[in-house]
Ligand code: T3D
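Take a look at this one chain, the form predicted alone, written out in structure tokens.
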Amino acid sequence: MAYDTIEFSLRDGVATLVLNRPDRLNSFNEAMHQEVRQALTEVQAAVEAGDCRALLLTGNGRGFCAGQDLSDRAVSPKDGAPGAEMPDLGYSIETYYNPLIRTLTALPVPVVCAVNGVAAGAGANIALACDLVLAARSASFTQAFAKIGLVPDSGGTWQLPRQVGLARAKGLAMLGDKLSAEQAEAWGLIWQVVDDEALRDEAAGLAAHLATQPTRGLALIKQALNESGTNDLDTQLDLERDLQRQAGRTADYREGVAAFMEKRSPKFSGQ
């Protein structure tokens, strides 16, 4: 499929999805939502076929994603039009953003995000929904919602308290201040800060590495960690037991043990 607002490729087990509206800081309009959804549908099909074992998400230009394109008439009233009907922002969230976050979170392969500049509003929270977030040293994260009277969406009110604590989550959400990449790393909000010129290569290398690892085991790790925030200890212990049972039946587990015993590097198939 030909894309206009994104770039998408799949090679050597790594799917790469690049937001490509650099003149608008890769902010989302309806067309980009639809193209991202189509690309992720292709990723899901490739995962099921065993052809995709990692996803890399990033953006072109000087920003990763500035969130919603407020000029998109699908979600904004006509500028200055008297008596213009106000938009139903809940519809946009339910139709586009929530399915996107659910897909990234549930995707049974590692999702690497390379934040190459500003990540604001929904753009910040889409990044935080990924599994491993690398950010350029010049990048920043902004919960810009309060600046226009809105509530953090795209999982922001769920991610922030879990990752940085309630006090910092409230500060970020209510003040809408810019958080530098280095501060985000120090607070545990992202995985790693990388020099700007090295970001794309570092992220691609990480995704390529993950695509050679025991894919099913990584998916089970992702599931266990995602569920841990709402489980009590007994429930989590039972979940670990059940997931370990599944992991122990994989070909990659057998290969990992065999490689260890034979003192060689494992060759995981993702099965």
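Just so it is clear, the structure is predicted and the values come from calculations on it, not from any experiment. From 1 onward, residues are counted along the sequence shown.
Beyond the structure shown, there is the form predicted in complex with this ligand, which is absent from this document and is the topic of what follows.
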Does this ligand get within 4.5 angstroms of any non-hydrogen atom of D153 in the model of the complex?
yes
Any chance L25 has a heavy atom within 4.5 Å of this ligand in the model of the complex?
yes
Any chance G121 has a heavy atom within 4.5 Å of this ligand in the model of the complex?
yes
Considering non-hydrogen atoms and a 4.5 Å limit, does this ligand approach S92 in the model of the complex?
yes
All of T215, A251 and Y253 within 4.5 Å of this ligand in the model of the complex, heavy atom check
no
Contact stretch among 140 to 148, 184 to 192, 164 to 172, 99 to 107 - heavy atom within 4.5 Å of this ligand in the model of the complex
140 to 148
Only one of L55, A66, V36, A203 gets a heavy atom within 4.5 Å of this ligand in the model of the complex. Which one?
A66
Could you list which residues of 157 to 192 come within 4.5 Å of this ligand in the model of the complex, counting heavy atoms only?
K178
